[in-house]
Ligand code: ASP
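A single chain, nothing else alongside it, follows as structure tokens in the form predicted on its own.
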Amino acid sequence: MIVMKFGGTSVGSAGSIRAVVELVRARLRRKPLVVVSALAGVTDALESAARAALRGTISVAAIRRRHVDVLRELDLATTLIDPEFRELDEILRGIQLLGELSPRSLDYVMSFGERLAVRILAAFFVKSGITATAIDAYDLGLVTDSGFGRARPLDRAYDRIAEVVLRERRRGLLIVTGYIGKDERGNVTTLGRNGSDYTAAIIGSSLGVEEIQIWTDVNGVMSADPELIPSARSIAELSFDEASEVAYYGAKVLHPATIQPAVSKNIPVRVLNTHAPTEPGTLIIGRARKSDGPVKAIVCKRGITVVSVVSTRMLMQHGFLAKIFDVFDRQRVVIDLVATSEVSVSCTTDSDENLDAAIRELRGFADARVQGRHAIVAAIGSGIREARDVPARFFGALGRERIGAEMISQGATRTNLSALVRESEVSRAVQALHREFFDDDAACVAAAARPASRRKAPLAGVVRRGRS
């Protein structure tokens, strides 16, 4: 059995939906379960509709027209989605009347994208001769905590999903909503943007499937963001550790939490291109083969805020760090990079949520300062732990571009070397690092292949440095 997850661009048009049906049809012998995202752009449109309702305006005409156009192109009844739009209209009118948009209400509104998508897709599977049933993930057993906007599954969800899938599969191919669940009180929750990947991994882990497939619009996980690096290449294999780092620090094709449920059951995750299905994509497994070089990807994460805590009372005192992180824990502020000195602690977070409250608490016993507009740039690869020249090359590449690293970090697994830079410099930083670890390596290989008499001196010099 496999899980096949299709993202918004994979179901964004009638033509794409037809392609999805054929991809699934070709894998029916592997007993697929299909997880679907909202049509591309619909989640953003729903969020905008919720905020417009708060301002007193209710209009979902454009969202409805988008889905009706797809239904017509697929020759399906446009009344198929009427119940969902009636429900959506009711919740938007409630937001308008109350003049309040709570995180709970926003999650409810944003759940409709996936709910609409699975009903359209299931109906077209049936029209194409494949018995299929649309089912919302919460009806499949995906119960979560009440962390609206970033909910996480409860432990009992895994057993429940396995039980319900066993029963529901008798109704044919299951087409399941990604991204959404329900808490124990029955409130709709969402798993965070791009959370359909997470849904696929949760279901795959629950069922102990042979493989989780993430179908997207690129040829697997790339060595860098193709928008920044047009020459970025597809990575053949990543270890779970590497993929977790790549996802957390910016890979758009994976939800940061996707990997964990797969790791727990050692289930391979394969990232594939819906529009180029013959491409091998990227295979994510427990232990990946070594690549030609120590670094597999250069990634970045924008929107980083730095919190600096300074107090002379920290000098020679135990418990000071615990006190700081107790504040972050109470306020649910997620911390990434951390640097300390005798009298100061600096750390980064990628969200402003609850940050003001945390700063107020910190200022009760220390001088706390906040600086925004930063970014983290990182080199990812298990080969970093063995290649001693990586730090020199990393910071040398940044130095040649006159980009200063305000914080640096290398975790215990040594698969990630990170630096904090100004957000205005992140594009140049990624480009410089990709040249250093990928483009330059390619030049080295080409130089080594040429006869000695034809090699140019600078390239020959690079080869003699023995880069891996």
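Because the structure is predicted, anything quoted here is derived from the model rather than measured. Start at 1 with the first residue shown and count on from there.
FYI, the form predicted in complex with aspartic acid (ASP) isn't displayed, but the following is about it.
A.B. asks: Thinking of aspartic acid (ASP) in the predicted bound form, which stretch from 187-195, 351-359, 337-345, 79-87 has heavy atoms inside 4.5 Å of it?
C.D. replies: Looking at the partner contacts, the answer comes out as 187-195.
A.B. asks: Is Glu114 close enough to aspartic acid (ASP) in the predicted bound form to count, meaning some heavy atom within 4.5 Å?
C.D. replies: It does: once aspartic acid (ASP) is placed as it appears in the predicted bound form, Glu114 has a heavy atom within 4.5 Å of it.
A.B. asks: Using a 4.5 Å cut-off on heavy atoms, what residues in 33-62 are near aspartic acid (ASP) in the predicted bound form?
C.D. replies: Those in contact are Ser37, Ala38, Thr43.
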